[in-house]
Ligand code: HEC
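There is one chain below, alone, in structure tokens, taken in the form predicted on its own.
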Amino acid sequence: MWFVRAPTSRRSFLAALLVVVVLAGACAGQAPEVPLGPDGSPDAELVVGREVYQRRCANCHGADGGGGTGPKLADGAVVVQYPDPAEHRAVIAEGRNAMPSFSGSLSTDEIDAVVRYTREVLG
């Protein structure tokens, strides 16, 4: 009887360990860095956009914009979905479907910065 339980508990332990490792890896990602401009320094607005994205967006849209509980933003997906940056801003500010409104928690400048970051760096 003891020999039957050992493999089952070992499999359960390994399965639980695998889940923990996968979740830790998913949470550990960082948003892509802002590229350096011609003067050798990053665009200040894009730096703000990256910080806002990491803090407020990456949990749902993935650190690299690859999607998760929220849709994919990377590889041009956000520009295809919202060709007009004004509509993109409106979605962030007002929310849509499962996405909450950020107009009460982000400034207009922060919203503009995250729009630029997602379009220019992720997209």
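Start at 1 with the first residue shown and count on from there. Bear in mind that the values here come from a model prediction, so they are computed numbers and not experimental data.
The same protein also has a form predicted in complex with this ligand, omitted here; what follows describes it.
Does residue 63 make contact with this ligand in the predicted complex, using a 4.5 Å heavy atom cut-off? Residue-level check for residue 63: no, no contact with this ligand.
So in the predicted complex, is this ligand close enough to residue 59 to count as touching (4.5 Å, heavy atoms)? So residue 59 counts as contacting this ligand.
With the cut-off set at 4.5 Å between non-hydrogen atoms, does residue 88 touch this ligand in the predicted complex? Yes, contact at 4.5 Å.
Residue-level contact is defined here as any heavy atom of the residue lying within 4.5 Å of this ligand in the predicted complex; does residue 41 satisfy this criterion? The answer is no: residue 41 has no heavy atom within 4.5 Å of this ligand.
Can you list, in sequence order, the residues from 60-88 that come within 4.5 Å of this ligand in the predicted complex, counting heavy atoms only? Residues within 4.5 Å: 60, 61, 69, 70, 71, 73, 78, 81, 82, 88.
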